[in-house]
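Starting off, we have a lone chain in the form predicted alone, written out as C-alpha cells.
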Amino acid sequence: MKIIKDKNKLRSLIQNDKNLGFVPTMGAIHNGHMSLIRKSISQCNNTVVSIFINKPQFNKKSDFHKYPRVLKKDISILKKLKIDYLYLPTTKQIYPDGPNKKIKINRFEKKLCGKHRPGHFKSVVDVVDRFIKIINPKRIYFGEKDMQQLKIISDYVNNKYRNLKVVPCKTVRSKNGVAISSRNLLLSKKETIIASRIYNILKNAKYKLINKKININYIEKQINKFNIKKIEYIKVLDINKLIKPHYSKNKYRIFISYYLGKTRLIDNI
C-alpha cells in the first residue's frame, strides 16, 4: 500500500490504469467502509481509498471537531486489506480556491436530511467531484445507508461523467441491527442499546406502514418512549421514485433521522 499526500504524485502513479476503483472516506474505517473496499478490490485492477474530513459539509463546527480521527488505526486496517493507494490530501490540495458554492445538484437535496442540513449535499457533491477529477476512476463506491447521498451523487455523476460508474453497496449492520457508522463511536453503551431497539421497531413496522395498517405517529410514539432527544423525520418513500428516471417497480424504505444525546443518526430500512 502506497500512502500519498500529493495529488500530482498520485496522478502520475494511476494515469494509465483503465480499471481503477475509488472509495472516498472521512476515516474511522469500519466494516461498512471495508465492504466497499473489498467490492472495489474484487471488481477493479487497483483501488484508491481517500481519507479526508470535509469541513464544508458539516453544518456545525463542533460536529467537525468531534468527528473521530484515528489515522494510525485506519492505516493498519487498510494495509491488512491490501489496498493499492491511500490518498491523504490536505485541504489546500482539495480546495486551492475554496469550495464551489454554485454547484448544481438534484432538487432532492432539499428533502429529508437536506431540509435540516442546508448546503450539506452540495458540499458533499463538490468534494466528490474534486476527487473524481484528481483520480479519474472507473468505479466509485458508496453505501446505501446514506441513501439520499447515494441517489444525489449517482444523479450528478450520471449527468457529468459518461465513463464513471457509481456502485451502490448494501448497508452493513452490527449484530444488534444498528447500521455501522463512524458516528457510532460517539454513542454510549446505553445509547447503542436504544439505537438497536429503534432499528427493530422500524424493521417490524415497515410493511404495516407500507400497507397503511399503522401510521408514522404510532412509530414516533414508540420511539419517544426511549426519551430520544429529537426525531428530525420518519418517512416512507419509494426509492425508485426519488430521482428521475423513475422505475415502475415499487421499492419502499423507511427513512429516519434522530438524535441520541448529541449524536445524529440516520438509517433507511
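Quick caveat, the model's predicted, so the values are computed rather than measured. When you see a residue number, it is the position in the sequence shown, counting from 1.
From this point on, the text means the form predicted in complex with a small molecule, which you will not see here.
Exactly one listed residue, out of D146, D84, E191, D129, brings a non-hydrogen atom to within 4.5 Å of the small molecule in the predicted complex: D146. Scanning Q93, S154, S123, T171 against the small molecule in the predicted complex with a 4.5 Å heavy atom cut-off leaves one residue, T171. Taken together, H116, I256 and L265 are entirely out of contact with the small molecule in the predicted complex: none brings a heavy atom within 4.5 Å.
Contact check for M26: a heavy atom falls within 4.5 Å of the small molecule in the predicted complex.
Of the heavy atoms in A205, none are within 4.5 Å of the small molecule in the predicted complex. Interface residue remark: V166 is not counted as part of the site for the small molecule in the predicted complex, having no heavy atom within 4.5 Å. In the predicted complex, the small molecule sits within 4.5 Å of a heavy atom of Y67.
Partner proximity in the predicted complex, defined as non-hydrogen atoms within 4.5 angstroms of the small molecule, places exactly one of 215 to 223, 196 to 204, 30 to 38, 233 to 241 at the interface: 30 to 38.
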